[in-house]
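Given next, in structure tokens, is a single chain: the form predicted alone.
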């Protein structure tokens, strides 16, 4: 048995959904362990594109179980919409294939209203959230006021808990008109039908995963967002509200640390970010626009254009040190095919000094000037290549430069969105997984 975690190494949108989809058939269960429907994982196969927000990306593999872990905050209405949308496209998501931890917290309408008001208010710091209610739900959880799936067995008891929390939300947020106008009956009419439909999916997540571990069933842990958005280790306060690096798996899934055997880091061949916050290698010129255009860099969840820039090796090495990546998956290498020259950031210049350390201080990171290394482009189409050794020499050198700086092998290279547009290194972790 080998249990593997797939973790974003940048600011999200790296291509985790594709990697999980590629690997899923080798695992008995795929587990989402944090985040909510603020995530957007894209999966392409058979000429179709699917966007997943709450469902684990193993949902397309018929023999694989999928668990939404206790660390995920779940909007029940959004999850039902996602299940129904897949059914309309011929993919049935049954309780045999999808499980929800009974300890997972619910995102309720008052959470969404508060989230959207805060991000639109001129009196609040603008973080650039998705407005899905994720942050306020985690706040309620930390304040020990949250409502979990295990609290939904009895409608009357659930309604009374919601009444108490809605009253609190309204008393604490007198200036939010939409919230003051929200009534319990309307709230229940919105959420209860979805919660009722989901009852058959709810399990004790701890017992479910412990049973798989005891039977030596391999588990794949799927992170949402990414390391640089982690609540503790990201670019705080411009981060998500959960631990989105590998350090969050134990608490978010309900497994001991020793249950994780390998950790795979996912990085694009360049860098992107959605929302506010520091981004040292951001390009506000024609090159940045070209990366956005060729890479189709628009948010899966929000549709917002992503900020684009050169690959930041300082940040990537920081992510490697936090997560202990056993290998990297390098995504969207093909987007760099048409560039004459490429650049990677190898250091920051802060207050006149060069450093290879990713700073905790927001001010230092905002003032960081990237120190670039120039590399030649390859000016060849890589999208039809299926073996690493057939890549142009300059493309192979680009990959090797990343490996040398970060101290971690690149075992998978993606040259397109489809499952088939994937190169596996013959001596790497992914090849070993496919041999078993």
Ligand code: IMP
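No experiment lies behind these values; they were computed from the predicted model shown. Residue numbers count along the first chain shown, from 1.
From this point on, the text means the form predicted in complex with this ligand, which you will not see here.
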{"property": "Candidate stretches 247 to 255, 336 to 344, 209 to 217, 273 to 281 - the one whose heavy atoms come within 4.5 Å of this ligand in the model of the complex", "result": "273 to 281"}
{"property": "Non-hydrogen atom within 4.5 angstroms of this ligand in the model of the complex for each of 3, 8 and 221", "result": "no"}
{"property": "Touches this ligand in the model of the complex: residue 17 (any heavy atom, 4.5 Å)", "result": "no"}
{"property": "Residue contact check: residue 39 to this ligand in the model of the complex, 4.5 Å heavy atom", "result": "yes"}
{"property": "Contact of residue 134 with this ligand in the model of the complex (heavy atom, 4.5 Å)", "result": "yes"}
{"property": "Touches this ligand in the model of the complex: residue 225 (any heavy atom, 4.5 Å)", "result": "yes"}
{"property": "Contact assignment for this ligand in the model of the complex, among 194, 239, 83, 327, heavy atom within 4.5 Å", "result": "239"}
{"property": "Among the candidates 129, 102, 320, 77, the residue which, in the model of the complex, approaches this ligand to within 4.5 Å (heavy atoms)", "result": "129"}
{"property": "In the model of the complex: members of 10 to 27 within 4.5 Å of this ligand, any heavy atom", "result": "11, 12, 13"}
